[in-house]
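There is one chain below, alone, in structure tokens, taken in the form predicted alone.
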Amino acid sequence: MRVAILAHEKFPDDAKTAVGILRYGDYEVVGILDRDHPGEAVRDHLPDVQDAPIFERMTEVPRCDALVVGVAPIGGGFDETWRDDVRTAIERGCDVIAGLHYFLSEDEEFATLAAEHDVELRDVRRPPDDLTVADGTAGDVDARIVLTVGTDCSSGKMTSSFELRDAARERGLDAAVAPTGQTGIMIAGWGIAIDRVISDFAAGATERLVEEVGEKDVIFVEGQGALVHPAYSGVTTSILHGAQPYALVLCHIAGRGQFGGYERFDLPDLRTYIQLYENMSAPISGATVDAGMVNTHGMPVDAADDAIDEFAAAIDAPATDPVRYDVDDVLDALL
């Protein structure tokens, strides 16, 4: 499928969905929409992902099958400055794929246009209608279940999940990712956005994902939020209990001392954080933090290497930056 990705004024650092699709998706990306960088290319910012030109507006983009909303702002709202580009995409016969809490299919203008032009509005954050509470059976699945958890939001849980899956497959293992967020769903083509699920059913939705993957050598469950995040701790706990993991991978942003967007709240020290995750897991699955991942984006190599070494020492487990380096030592620890 040929797609354009909307990432206005956020590319690349604050466009997690766009970058995830460029790095792991099977789409042919024909262009990025970003008013801040028209005339440039993805390779000018991210040399290690699929390249594509950057355009100011949808009218300039080559023919494609769909427009993907590649940003997910806090709260998942729709930015009205995107409306012209979404409207243009629909009028050009493109499907529109979004991972917002604002459902495009419920927008009167977009729904009317989509019907007129026979295109689909895909709101990937819309959960199934038949979810239930958890039965506590994910641990019965014949697979080693590994959950990526974080010290903060956007700390590398999705990236780590797919990097570990790919590394496991390179070893000949039958490995899969259970996607729990909009970006993972867009990459894998299936999943449930747990942060949109009714709280009583969130653990059950995670359990369903693990059971749908079924028998594997290893299942990497994509984590969300952070256990003591002032806004998003609930989804983290639901995934932790619903997945019933064997092992945890702690993901961290190098140098981060406060929660992003909630700077008056300090992150716990790493050993305390590990104890919190393991204590919360203990009654359900007994998972332990067996490895770590560090996001060192933007740091010089020497500083990044030091940050990784310090993180590994602090958590007393193998660690790496999964974008800069391979994940072999981390995978060894998990398996």
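So that there is no doubt, residue numbering starts at 1 and follows the sequence shown. Note that this is a predicted model, so its numbers are computed, not measured.
Separately, the form predicted in complex with a further copy of the same chain exists; it is not shown, and the next lines address it.
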Taking 4.5 Å between heavy atoms as the contact cutoff, choose which of Arg165, Arg208, Arg196, His252 touches a further copy of the same chain in the predicted bound form. Arg196
Answer key, a further copy of the same chain contact in the predicted bound form at 4.5 Å (heavy atoms) among Val218, Val213, Ala134, Val71: the residue is Ala134
Since only the chain is shown here, I'm wondering whether Pro230 would be in contact with a further copy of the same chain in the predicted bound form (any heavy atom pair within 4.5 Å). yes
a further copy of the same chain contact at Ile145 in the predicted bound form, heavy atom, 4.5 Å: no
If we define contact as a non-hydrogen atom of the residue within 4.5 angstroms of the partner, is Tyr246 a contact of a further copy of the same chain in the predicted bound form? no
Tell me, yes or no, whether Val235 is in contact with a further copy of the same chain in the predicted bound form, where a contact means a heavy atom of each within 4.5 Å. yes
Per-stretch contact check against a further copy of the same chain in the predicted bound form, the hit in 42 to 50, 268 to 276, 298 to 306, 22 to 30 (non-hydrogen atom, 4.5 angstroms): 268 to 276
Heavy atom of each of Phe201, His241 and Met280 within 4.5 Å of a further copy of the same chain in the predicted bound form: yes
